[in-house]
Structure formats: structure tokens, C-alpha cells
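For reference, the chain that follows is the form predicted on its own, supplied as C-alpha cells.
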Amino acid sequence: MSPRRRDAEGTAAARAERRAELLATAAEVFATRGYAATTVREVADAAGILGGSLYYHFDSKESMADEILSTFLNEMWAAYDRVLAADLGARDTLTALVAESFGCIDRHRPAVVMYQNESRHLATGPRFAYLTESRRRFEEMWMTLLERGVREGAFRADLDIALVYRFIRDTVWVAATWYQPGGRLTAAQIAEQYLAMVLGGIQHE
């Protein structure tokens, strides 16, 4: 490899690393202060740079939000798709999906908070139309799984499936509001505790 090419690749890698650091900072600020209430200047201040310097990496606040949310959702769906492709029984599929959900919270906590707080508003714009599709796909996946679990005899048939779906969705993802990486329990341990409570209530004996 020529010195010029090596230098170019090193510069590109450094720029990508800096971009990732800025996105992480922006996600924290958006999650804490709210997307609409946050200015580009406030993100730059939190990152320790001048406001104009941020535009070297991103053309707008909207671009930052888009990359934060799409990165989180793309990783979440890749993990979910691996679980679904494994062709497990309904109970094991539910267990794996909850574990993957907590893994996403661990890796993307500010993005998850952003999604919870901002997605319905952002989805009204064409750039964020994928948020509505992701929400629809998410509900369809869980409803299909829960219905399959009842058919397989894994889950109780006397519970309202839509209510069970909302319970699992809300109890799992609301953890992003209080979970902190490096806390007393790991994401995997919290998932295990949640599953013990959820499955204790819905599984068919």
C-alpha cells in the first residue's frame, strides 16, 4: 500500500470515528432535551466544537436524527431477522426477541429514547416515513408470534393477544428510560428477569 493511500485511509477512518462520536453526543442531547427543543449549537457545545464545525459532518439536525434512528432500527431488525430465521418454537422465539431487544437498549439507549419520544412526530415528514413502516412491522411480528404461541399451546388462550403485545412492548422498551450500561444488572440479566415475569404470566401450563 502506498503512503498516500495509507494516509487517505487513516484520514477516512479518523473522520468516521469522529462522526460516530458526534452522533453519540447528539443522541444523548436529543434524548435528554428533546429533538425539537435542541439546536445544532447545543449539540456542538455538548461535543466541544463550534456550531459551524458540525456542518462539516452533517448538513442539518434532521440528518443527525435520521442517522441515529436508522442505525438503531437497522441493527434491531437485523437481530430480529436472525431470530425469526432460526425457526424456533414460539416460546424460544419470544425469549430470543426480548433478549435482542435489551441488547439494542444496551447499545442504543439514547436512540431508543428518541424513538419513543419523537418517532410519531418525525414520521409525519417524508424523510422519516420508515418509522411508520417499522412500527407496523414490529406490531405484525409480535402479534403473529403470540397467535402462533397460542396455536402451539405455548401461551394461554384466555388472554387478549393485543393486550399481551402492548404489555410486552411497553414493559421491555420503557427500560431505556432508566437502564444505564455498567449498572448493577447487565442487559442480559435484566432480560432474563423480565422473561421470568412475562412467561410466568402468559405461558400455558
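Residue numbers here begin at 1 and follow the sequence given. Keep in mind it's a predicted model, so treat the numbers as computed, not measured.
Form predicted in complex with a further copy of the same chain: not shown, discussed below.
Q: If you check in the predicted bound form, is Val174 within 4.5 Å of a further copy of the same chain, heavy atoms only?
A: Contact check for Val174: yes, within 4.5 Å of a further copy of the same chain in the predicted bound form.
Q: With heavy atoms only and a cut-off of 4.5 Å, decide whether Ala196 touches a further copy of the same chain in the predicted bound form.
A: Although a further copy of the same chain is absent here, Ala196 would touch it in the predicted bound form, with heavy atoms inside 4.5 Å.
Q: Contact with a further copy of the same chain in the predicted bound form for Ala46, defined as at least one heavy atom pair within 4.5 Å: yes or no?
A: Contact with a further copy of the same chain, no.
Q: Would His121 count as a contact of a further copy of the same chain in the predicted bound form, using a 4.5 angstroms cut-off between non-hydrogen atoms?
A: Residue-level check for His121: yes, a contact with a further copy of the same chain.
Q: Decide if the three candidate residues Phe155, Asp158 and Val164 all line a further copy of the same chain in the predicted bound form, where lining means a heavy atom within 4.5 Å.
A: Each of the three qualifies.
Q: Any residue of 36-51 with a heavy atom within 4.5 Å of a further copy of the same chain in the predicted bound form counts; write them all down in order.
A: Going through 36-51 in order - heavy atoms within 4.5 Å of a further copy of the same chain in the predicted bound form - the hits are Ala36, Ala37.
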